[in-house]
Structure formats: structure tokens, C-alpha cells
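Form predicted alone, single chain, as C-alpha cells, below.
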């Protein structure tokens, strides 16, 4: 292949969400001559988990209200002690600077009667959540475009490229024409989100997930196959979500004082052990909801009628204006007025996410993985409950390290043979020998996740999932794809199956119960701090995944 068929850059960013945009801006600030390319699966102005905006920054250390040490301690509580604190410390140190930057760019941070930021409690300890309004994603995209980064919309990445032991770029699919493009770079940032579509929602609708459905673990699979390690995959998170409305946002209800009530109108969280609730608040909340429903006291709902009208207006302003106007439409069609009617909630399907949980690629305080030149930031990085500020903070950190090193551009690396193999794979999918639609393939393994991987877990169920899906790992290469969009869906399904199987392996490996509901093992019902207060690492070996305890 001719050299002209390759696109060369200094810094390649996979994913144009919050982390990717912030990394591009920071790199160009520090070195105006650096060439930055962002490969975005969708369209950068509305991409990523925060495709519109958010009503708050969940974790900002505001001077005079909290300290970085307070923040790290709060994350340790939420993570049940299973985390490496470096990234959390970096996020805490950078978080207020991120807020100030966003404010300078035009994001609105409401003030209280004393002219101070409105800071509420979201973590079990400390106050770090700052109210925010505005179309965040459009502002971030405008900054990335304005700084001079080259944006390639509708270019999902299918494979990473290495040269010797270093990263050397990526191969992407141009959805507009169906052609493969090779991007050669000495530094690659994976910022393509978590894995939303591994469990199946109660509706059966594949994209009706709590987390961003367009992010399906591609970054995890890409990084692992390039040699990076994974962690936290046994933390199969689940969240409360409005019945039949996909998307997060109920943390808004919680922090402003809404009550969780059962079908009898009773507040039920008071019945649960305060110490457990403080240690693993999200997992215990989901466990409590499940117990109420199983006991016949469902459905469960959030109630607002006890709140002042001003507070309800603040809630509505946050979720209807900043985050998701479609929720306003949904409530209106259902005849729900928060001043009068409760909002029924259900447990979401399980998902894997670094920014909203523990699962992700292992990186250092600059986001660099074990593969030289390969970085991760945002929800695909194991940055425990880093949320939006964590994505942007680590995006900045990776950019600073890359600019500081100024690595030389690689030559071809192994791009040419990889491209040939990938093209052969693409042609195989276009022939579609399996004859099973990708939607049916995805539906099957996600239904099996609900049956065998979602908690409560047991060795028998987890092994059953691995056995049931073993054949699917061979069949996936014969999935049909009629066009480029269908090919993208095939690679998403492959990534989802990969992540689901890693979740089963990690859950089988951790022989204890931890994280509240998220890793409840009925065959190992007790928490074992002596042996398991450590991260589970998954590395690629010659014969398959190798699982180890970080601190045995």
C-alpha cells in the first residue's frame, strides 16, 4: 500500500466526548504546532455520554468546602476500598480548574443567595456536587474545533496498530463511504466510553439503556487486544432509572431530597443498615429496591410532594433544560406532575463503566496504559466514579504528558498487514455466512447476561454463561453486515460480548461478595478484606485472559 494512503498525525484521539475534546484543546494550548486528530463515531457536537449537557458536575473540590484528601476518602468509601488512589487524587486536584474553564467558556453555574456556587452532597461523605446549566457538549465541541484539531466524524475505530511494542495508530471505518482508513500516530488516546449494552433492559429494547448506548466497550476491547490491562469488570453496576425511559438523571432527584417509597407509600431506605449504606450507597440502594419488589411491596418510586416548590423547580430545570428535554415530554404524556405524582423507577440492566463504576483500562496518573504511547480517559479508564470532571481532568493530563514527550511519528508499523486482515474480516461480514442478524446475536448474549452474570451471582451461573457463549465467540466472525452502518453494529456487538465474558471471568475469580448488589456471590456471601481488598487485573496471555490480584 502506498504511503499516501495513510493519514499521519502527532496525537490521535479515539472518541470525541468530554475527555477527547478536552485533551485536544489542552494539547493545542501547550503546543500550537502539534497536529491533533479526533476520530468520532457520531457527530462531535452531540456525541459521548453527555451528548447534550448535565445539570451538575458531580465531583468538584471547591476551595473552602472540601479538600482533595476529603474527595479521595469519599471515593474510597464508594469503591469499597478497592481502588488505586492516584487517578482520583489527580481528578480532585484538577476539578475546580475544570469548573473555572467551563465557566469561562460559557457554562452557567447557578449561585445561591450569598453569591456562592450551589454545592450539594452526592457522595456518602463530603460535598462535591456543583449545580451546572448549559449545552455542555456543543461548547466542548466548539472548543475542540476552534483549537484547530482535525475532526473525522462518523469514523468508528475497528483496530489499533502497533510498531514493535509501541502504539502506532488505528484503523477506522468511514461510515459515509464504507472504506477503511489508517491513521498513524505515536500517541493514541482511547476515550470512547464504557460498555452500556451488555445487559438487557426490561423493555427488551437494545438501546434503552441507562448509560450511553453508543458506547459498547469498543475501547476496552481495543486496549486489551493491544496489550493493556483491564480491571473492575466484576463490578457489574446497575442504577435506578425511570420506567420505560432510557437514560440517567435520577441522581438529581436523590440529591435534592426526593424520597424512595414503595407501593404502600412507605419510605423504605431507613430499614437498611446505615453502615452498609454509607460504604456502598449505590449498590445498597439497588439491593433495597430489589428486596421491596421481591417482597410484594412494589412498585417503587421517587416522591417529591414533601419538597418546597422552589426545589422542585430546580429539579425540573436541571433535568428538563440541561440534560434531557425528552424527559419533560415523557412526563407530560404520562400525566406526571412532580408536585403531585411520584415517578416510578426500576433497576437498570447491568453495565460496565469507569466513570460511573470501577470497570476500565488500567492507567497511571497521566492515563497511560501498560502499552507505551497508549492512553485512556473518561468512562473507558478505570477512574472510580470520576464522572464528567474525571473525564475532562484525565483528558487534560494525557495531553500534557504527550506534549511534554513530543514523540516522533512512527513509520508504517504493522498497519499494512493488519489492514489486509481487517479488510478480509470486513468482506467476511459482508458475505454474512452465519445468517443470524446482529440484533438477534446481541439480544441472545445480553439475555444470557441477565440470567447468569447479573447479580446474585454464583460459580455455576457464571461458568454456564461462559460455556453458553463460547460458540458465539467463533460465530461472531460470520455475522452479516449489509453496509457500513451494519458493519459498525457488528463490531459493537463483538465488543459487547467481549466485555460480558470478561465480566463473567472477573466475577468468577473474585470469590467473595462486595460492592453491595453489584458483586453479590450467593456461594461466597461474605466480604473478605484479608484476601480481596484489591483490584482484579485482566491481562492478555498467549492462551487467553490472565486474571490476577493486584496485591495478592
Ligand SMILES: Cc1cc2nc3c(=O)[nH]c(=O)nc-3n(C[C@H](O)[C@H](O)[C@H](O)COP(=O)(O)OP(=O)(O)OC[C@H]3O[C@@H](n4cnc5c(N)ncnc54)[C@H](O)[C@@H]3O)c2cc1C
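The model shown is predicted, which means the values in this text are computed figures rather than measured ones. Residue numbers count along the first chain shown, from 1.
What comes next is about the form predicted in complex with this ligand, which is not displayed.
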Partner-free chain; cross-checking this ligand in the predicted bound form, the single residue of 391, 230, 352, 188 with a heavy atom within 4.5 Å is 391
If we test each of 361, 402, 167, 215 for a heavy atom within 4.5 Å of this ligand in the predicted bound form, the one that passes is 215
Inset, instruction - Report whether the minimum heavy atom distance between residue 356 and this ligand in the predicted bound form is within 4.5 Å. - result: yes
* Given that the partner is absent here, does residue 193 sit within 4.5 Å of this ligand in the predicted bound form, heavy atoms only? -> yes
TODO: Answer with yes or no whether residue 80 is in contact with this ligand in the predicted bound form, where contact means some heavy atom within 4.5 Å.
DONE: no
Next on the checklist: Contact with this ligand in the predicted bound form for residue 76, defined as at least one heavy atom pair within 4.5 Å: yes or no?
Outcome noted: no
Partner contact check in the predicted bound form: of 478-486, 296-304, 323-331, 93-101, the stretch with a heavy atom within 4.5 Å of this ligand is 323-331
Looking in the predicted bound form, the residues of 151-183 with a heavy atom no more than 4.5 Å from this ligand, listed in order, are 155, 156, 157
